[in-house]
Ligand code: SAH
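Shown here is one chain on its own, the form predicted alone, set out as structure tokens.
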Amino acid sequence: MPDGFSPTVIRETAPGFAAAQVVLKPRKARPFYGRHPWVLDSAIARVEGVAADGDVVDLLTDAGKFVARGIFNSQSRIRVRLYTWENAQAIDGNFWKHQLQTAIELRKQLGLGDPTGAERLVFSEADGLSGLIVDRYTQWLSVQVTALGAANRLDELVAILVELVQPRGIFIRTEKGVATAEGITLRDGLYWGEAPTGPVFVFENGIQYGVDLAEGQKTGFYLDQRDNRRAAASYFRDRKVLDMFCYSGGFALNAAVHGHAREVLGIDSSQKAVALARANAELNAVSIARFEEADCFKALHALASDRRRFGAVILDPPKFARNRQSVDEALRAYHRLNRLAVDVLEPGGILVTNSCSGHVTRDDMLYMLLGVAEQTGRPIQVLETRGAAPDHPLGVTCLETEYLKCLICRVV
């Protein structure tokens, strides 16, 4: 076992098999026969036997028929996360290794794996590993844990990743709200191996970026936008480009390097992000891109008031809808943001608008843009509808894995 591990005790009657049975309410089994991996508390009638948080349990119909096997968590609204629909299959080390091998092999088939690059190796439910995200940045892994079952088995999962990927170090990342909802007590930071002496430098689309694995947003970089950054750039030749919520400069640098933009302005509210974006511009000898720290809503309002105009505006805001109850509020925020963006766009300008809120659908975004077009009196033509890069696949049995929407539009 690699250095730095501490044993984790998991209560099970037999390795990988059920400690208890979770019985569904009548007429609640259909989604799980369809292999949706989340069993919400509202679908459960009772638990037979004793199940501690993190235990393997069997999911049964109200008539007692086996449906699937998963991991129990009484602290979460997702009471059971399902992993196998085979009654004879244990959720044990062999299972985890097979799932991880399968996910990693897919990325090789996609042509990823450049030793100087980065990609998502494991995408949670889409790879049958609910609650586990693994990103590779050259020789380091960044592991995001969003389920208690994965957190309790982290030593085992990390040991398998060390064997399969042979990284120099592995960082753990959590999201505060998710960790609280799941009862996860992990601390962010280096979990195994050695830390880099500074940022890890990766190439994407021929552009080099410094990535902060310890404190950068999400796992350090937004790998899901890889192909969208390159696609959007093709519309920017000779345009003045405004990149809002620019983070470390991904869209902005693609606009300058591949898009041949006339000039680029990136704005972000994070001082660290702006510093990193400036460093990345210098790293790539990009002199036409500059970056400013400001609240993006206020900055757009000020630009509109000053009658500043741009040939293209990129909007890549953080998640506005954390749950279904906040969708209406989120759509109002998207509307306001896109309305402000249209106000600073030249006639015939390009709007690249994004949403990473899983609860906001593609149709929601289109209707939001309809409202913006109606209020501004400016027709909006959608040129491309895009999603996450292929290393973030959409699992059709869990449509929640389609979270990223990228719309490339022309505003008349």
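Every value quoted in this text rests on a predicted model; they were computed, and no experiment measured them. The first residue of the shown sequence is 1; numbering continues from there.
Here the subject shifts to the form predicted together with the ligand, a form of this protein not shown in this document.
Using a 4.5 angstroms heavy atom cutoff to the ligand in the predicted complex, none of Ala18, Asp58 and Ser74 count as contacting. Comment: the ligand is not present in this chain, but in the predicted complex one of Ala151, Ile170, Leu129, Cys296 has a heavy atom within 4.5 Å of it, namely Cys296. Here is the short version: of Gly206, Pro115, Gly111, Pro318, the single residue with a heavy atom within 4.5 Å of the ligand in the predicted complex is Pro318.
Contact between Asp135 and the ligand in the predicted complex is not found at the 4.5 Å heavy atom cutoff. In the predicted complex, at least one heavy atom of Tyr247 sits within 4.5 Å of the ligand.
When contacts are judged by a 4.5 Å heavy atom cut-off, Arg120 does not count as touching the ligand in the predicted complex.
Within this chain, Gln89 is remote from the site of the ligand in the predicted complex, having no heavy atom within 4.5 Å. Just one listed stretch, out of 183-191, 97-105, 231-239, 264-272, contacts the ligand in the predicted complex at the 4.5 Å heavy atom level, and that stretch is 264-272. Heavy atoms closer than or equal to 4.5 Å to the ligand in the predicted complex belong, across 191-222, to the residues Gln217, Tyr222, ordered by sequence position.
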